[in-house]
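A single chain comes next, written as structure tokens; it is the form predicted on its own.
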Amino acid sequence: MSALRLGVLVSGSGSNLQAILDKCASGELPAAVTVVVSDKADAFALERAARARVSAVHINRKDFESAASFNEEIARILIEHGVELVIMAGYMRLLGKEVLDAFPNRVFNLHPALLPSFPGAHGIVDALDFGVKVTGVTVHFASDVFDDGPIILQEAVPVNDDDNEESLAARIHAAEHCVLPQAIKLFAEGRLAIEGRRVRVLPEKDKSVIP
């Protein structure tokens, strides 16, 4: 199986990017990150990419007249690097149709809650403040609506009585670092089938059977 070429969109520290890079390097994930794109110049994720000798690109929204032209530039860079699957890993902007149309059903988003509960930029705090006993992590196909689109994988994370934002976030991030690479691997193996709002995970092919 040839390595799936990934483009990762980021806005912050890039801990999920690091998890992907590590699993690619170890051979656990049949993929390779070919470019990392950030809308923030000071995102530490860009440093992580540089250390891994991956192309790291900052695109400033203020340099573009419109959101459309900004997203067109993102799409251009991803295409230029031969990206096959786009990963939004802590990317804090709504991705435009210019990118979604260029990569139909090939854009993943990661959200730190069990969607459709607690969408938006404050999923961890919102779940904590609401008093839920269980929250979690969602990986889904992205759409032009925030935190919408068919759900690929979810993992539950219990909320403890003594949790604060920091302690809950630490356990959610740990879950993210497992679930996101798992979803990428399923895509790389051709095991995801979208059926309306549902994503069916196809059984693993029997490698002992020669077609």
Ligand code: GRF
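Only a predicted model underlies this, so the values are computations on that prediction, with no experimental measurement involved. Numbers follow the displayed sequence, beginning with 1.
What comes next is about the form predicted together with the named molecule, which does not appear here.
J.: Within a 4.5 Å heavy atom cut-off, is M92 in contact with the named molecule in the model of the complex?
T.: Taking the distances in the model of the complex, the answer for M92 is yes, it comes within 4.5 Å of the named molecule.
J.: Residue-level question: is L85 within 4.5 Å of the named molecule in the model of the complex, judged on heavy atoms?
T.: Contact check for L85: no, nothing within 4.5 Å of the named molecule in the model of the complex.
J.: Give a yes or no for L114: in the model of the complex, does one of its heavy atoms lie within 4.5 Å of a heavy atom belonging to the named molecule?
T.: Looking in the model of the complex, residue contacts with the named molecule do not include L114, since no heavy atom lies within 4.5 Å.
J.: Though only this chain appears here, would A75 touch the named molecule in the model of the complex if you measure heavy atom gaps against 4.5 Å?
T.: Because no heavy atom of A75 falls inside 4.5 Å of the named molecule in the model of the complex, the answer is no.
J.: Out of the stretches listed (157 to 165, 170 to 178, 65 to 73, 30 to 38), which one is close to the named molecule in the model of the complex, meaning heavy atoms within 4.5 Å?
T.: Looking at the partner contacts, the answer comes out as 170 to 178.
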